[in-house]
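Listed next as structure tokens: two forms of one protein chain, kept apart as structure 1 and structure 2.
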Structure 1
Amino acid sequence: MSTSIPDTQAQVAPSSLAAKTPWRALLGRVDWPLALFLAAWFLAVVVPLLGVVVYSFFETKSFFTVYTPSLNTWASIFDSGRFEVILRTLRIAFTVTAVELVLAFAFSLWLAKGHASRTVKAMTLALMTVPFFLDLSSRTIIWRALLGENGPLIPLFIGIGLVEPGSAGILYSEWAVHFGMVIALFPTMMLPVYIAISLVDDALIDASNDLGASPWQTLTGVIIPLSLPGVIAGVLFTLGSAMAAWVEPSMLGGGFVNLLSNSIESAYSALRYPVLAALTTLIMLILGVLVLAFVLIGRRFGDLSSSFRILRS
């Protein structure tokens, strides 16, 4: 008894399989956990940010939002003198980030490649995580007493010429805001830099020394290029946090050092939500431009992708 397939089925079956095979192959190549994570991230983070951008083109009249697209809110930002606030925010954020980078890189280099024991490393890293368990306001308010007119740090500041004898201290000044930010954001810069330096292979450092390179040449030719991913991550985390900081300017600046975050808080209190959205969008644009600038500058000093491949290996 013959079991041959009819001619019509024999012609249809291969064509239908050929049509399904590319889809099945494509679905088989998709990394579903990663795809689901990216989809959730897009819905939870990107979509609200796009909503903020759209909201910035509305305006507020008599405490009510007028949902008619216009550029009035954006024009009011620059007409109200906030351009000076933007420049002050960028200046303080860049200064704090630069100071943090120098301090954190030197400290991380000592901790990762110095003669620190494992116990010291473990205790130091544990201490660096302590600030994340405390509210920033609680950690900042103590500096008001230390930086004030009768604070114990004033003789030190007089000794280094930071303040004049008999002055009222550095509280309610940009110096106090810088000081508070440097203290608060040090773990944010130090931890990614330390991880990147720790992953630099000691054999590469030993080879550089064996070839006659000086410590400075080993630092600039081996350690810094291979730790660039951690440096860039630390710079972005610190710079973003400094631009969005509002506790230090409020508690240590005393209303005399207004930054963009204070303008956002003021707009929120006055129910001017389109202004709040426009200021938030402006911060995102500035950070986006800075990230692009860092990437372009990083390419001039080396291949960033090769550094990431070394860290991944």
Structure 2
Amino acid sequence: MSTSIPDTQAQVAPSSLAAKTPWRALLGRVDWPLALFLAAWFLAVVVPLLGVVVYSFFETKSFFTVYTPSLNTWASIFDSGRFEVILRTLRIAFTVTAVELVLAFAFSLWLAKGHASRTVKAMTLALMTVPFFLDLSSRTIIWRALLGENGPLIPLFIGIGLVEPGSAGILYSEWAVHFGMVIALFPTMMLPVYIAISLVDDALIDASNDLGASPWQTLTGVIIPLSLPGVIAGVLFTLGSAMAAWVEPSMLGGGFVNLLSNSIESAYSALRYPVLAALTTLIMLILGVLVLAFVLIGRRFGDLSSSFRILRS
């Protein structure tokens, strides 16, 4: 017996070592900070979202949640028109973001690469940060007086054919909500776009010109690709804020432009948490599909990640 033990150990030890070696090698190859981040992200983001999805299959009765699974809450999302609210919110948010992008890019290009003096640049940037220190309601309510039926802007709108003479103005309409959101969200789009365009090396623009490129070719071949990180940041900030807009639809939409945040607030007033969960699930699904479409379309036009190389330099 006493001699058999070392034999056994001698037989086991090499095989155990052989089993541990690839495992250790695998552990050695793991990027631990990344793994920990992904684990934390899974626990902090994915798990709560799964909880939200589960919660959407309950319903509310007399201000209390009934924990009996059913499809009633999902049916109510479609019966009450809340699904249309999501689509309306997305439509308005994307429209506002597109308008902002065009306006902010042109403005930023002028400010960063035009002939604006340092003083003008400093003053403009300072002015762009002022709205962040003021309450949005206070900034929005002034438009009610200006866009109302007796507002000073009405003759202008009549002149460009936006409203009929004698009508009640553009207040309490989608026009007014778009208008208010474009004004309010301009700095949110403009600031990251301006920073990105400022970082584009002037030598690259000069080189493009020296090589005979037209201004349009320099814009599309040099400036836009290199400013894409700022554009993407601006789009994300603006789109997110536009989807969460509450003040502008309330104050300028007059209750006739029911957007997501208004709908959520209403459900919250009756403590209908399952409705909130179903709305959140739907939005996540829709945004997931849109992001997928964005990536697939982006692949057809080139490698999007290459645009971020500017940030490494």
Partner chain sequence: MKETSVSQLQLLRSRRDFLRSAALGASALALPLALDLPASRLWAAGPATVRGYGVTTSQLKDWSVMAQSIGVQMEFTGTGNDVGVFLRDVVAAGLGDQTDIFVFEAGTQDILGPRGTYLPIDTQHPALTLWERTPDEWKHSRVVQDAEGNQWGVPVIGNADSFGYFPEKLGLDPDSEEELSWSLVFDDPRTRGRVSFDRTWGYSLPMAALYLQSKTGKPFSNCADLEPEETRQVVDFLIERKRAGQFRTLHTSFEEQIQLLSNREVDVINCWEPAVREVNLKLGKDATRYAYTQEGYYKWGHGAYLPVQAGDRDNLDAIYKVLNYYLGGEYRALQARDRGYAGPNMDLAVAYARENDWSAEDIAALEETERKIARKFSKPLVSTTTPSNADSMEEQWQRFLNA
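These numbers come from a predicted model, not from an experiment. Definition used throughout: the rigid core is the maximal C-alpha set that superposes within 1.5 Å between two forms. Every residue number counts along structure 1's sequence, beginning with 1.
Between structures 1 and 2, only structure 2 derives from the form predicted together with its partner chain.
Hinge motion between the two structures is captured by two rigid parts, the smaller swinging by 16° against the larger on C-alpha superposition. At Leu279, the distance the Cα travels between the two structures is 2.8 Å after the core is superposed.
Superposing the two forms on their core, we find that the Cα atom of Val52 is displaced by 5.4 Å between the two structures.
Once the rigid core is matched between the two structures, the CA atom of Leu34 is found 10.9 Å away.
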